[in-house]
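In structure tokens, the next block holds one chain alone, the form predicted on its own.
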Amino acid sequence: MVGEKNTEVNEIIRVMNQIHGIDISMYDESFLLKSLRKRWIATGVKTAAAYPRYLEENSTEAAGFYNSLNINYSEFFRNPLTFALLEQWILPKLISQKAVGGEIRVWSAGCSSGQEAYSIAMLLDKLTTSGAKPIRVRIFATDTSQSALALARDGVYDKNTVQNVRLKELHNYFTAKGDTYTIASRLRERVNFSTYDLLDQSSANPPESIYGDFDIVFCSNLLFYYKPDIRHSILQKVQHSMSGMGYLVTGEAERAFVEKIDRLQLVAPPAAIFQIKKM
């Protein structure tokens, strides 16, 4: 059974690359299998084994299959424990370490439609405007999906999307109109949304950030879509972009394999928050 699965996945990879010029070899095999099952059922193809031939002859389906691999899902304050630790411990600590007029730099990698970036923006706005020390905040949010980035820049969400936002933040940082909620302009001004591919080997960080040196990097709920060697490459890039005292935030499902990276240590268990080990 395992061999059959490998054959199906390998054939999908071959067809996508040779026939349609799309390389999907970086994705994790189990993820490709799940996507394969969904697509062959949705298209009405009788068996998974028959799907590669259908894919070979149908460029529209090739585009549909590829789009199904690009998961654009996000939530405000997606992991409550992580954001509670950021708000109560990590962000105050970072702010206390900055000089007057200093800057907090954040990178939300794979930001999708912006909820993660705006979540950290709300916390930082509250902490930096209520304190006596003037601190600048710069948040860089990147994704490869132009449609997701367009939604993020607009900052307009429906009422179901903002269910995790506390009432105080909902009042302070959103304007309600009917069933939609629009992010306050002062938060949108703090977040720079741009296109960036984490697999780009020619750069260590988003060009808009110029030099990286991030205090916090969110690389959350995307690593498990890739093969182990690709995950490792992404994590190396992320480490190089962090400041010496910076933090890496991943998803809970990714904590186990991030913990295996020698240079990273878990600092706030059970939340998936890491720092580079001090040598």
Ligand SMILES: C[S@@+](CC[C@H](N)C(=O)[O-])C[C@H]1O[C@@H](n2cnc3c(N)ncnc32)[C@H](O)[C@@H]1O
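Keep in mind that this is a model prediction, so the values were computed, not measured. One rule holds for the numbers: they count along the sequence shown, beginning at 1.
There is also a form predicted together with the ligand; it is not shown, and the following applies to it.
task = State the residue from 192, 161, 72, 128 whose non-hydrogen atoms include one within 4.5 Å of the ligand in the model of the complex.
result = So the residue touching the ligand in the model of the complex, by this definition, is 72.
inquiry  = Only one of 119, 82, 205, 112 gets a heavy atom within 4.5 Å of the ligand in the model of the complex. Which one?
reply    = Exactly one residue meets the criterion: 112.
ask   = Based on heavy atom distances of at most 4.5 Å to the ligand in the model of the complex, which listed stretch, 169-177, 142-150, 120-128, 95-103, is the contact stretch?
value = Only one stretch passes the 4.5 Å heavy-atom test: 142-150.
ask   = Using 4.5 Å between non-hydrogen atoms, is residue 222 touching the ligand in the model of the complex?
value = Answer yes; at least one heavy atom of residue 222 falls within 4.5 Å of the ligand in the model of the complex.
task = Give a yes/no on whether residue 154 approaches the ligand to within 4.5 Å in the model of the complex, heavy atoms considered.
result = Residue-level check for residue 154: no, no contact with the ligand.
ask   = With the partner left out of view, is residue 135 within 4.5 angstroms of the ligand in the model of the complex by any non-hydrogen atom?
value = Taking the distances in the model of the complex, the answer for residue 135 is no, it never comes within 4.5 Å of the ligand.
request  = Considering only heavy atoms, tell me if residue 31 and the ligand come within 4.5 Å of each other in the model of the complex.
outcome  = No, residue 31 stays farther than 4.5 Å from the ligand in the model of the complex.
query = Does anything in 182-210 come within 4.5 Å of the ligand in the model of the complex by heavy atoms, and if so which residues, in order?
reply = Sequence-ordered list: 196, 197, 198, 199.
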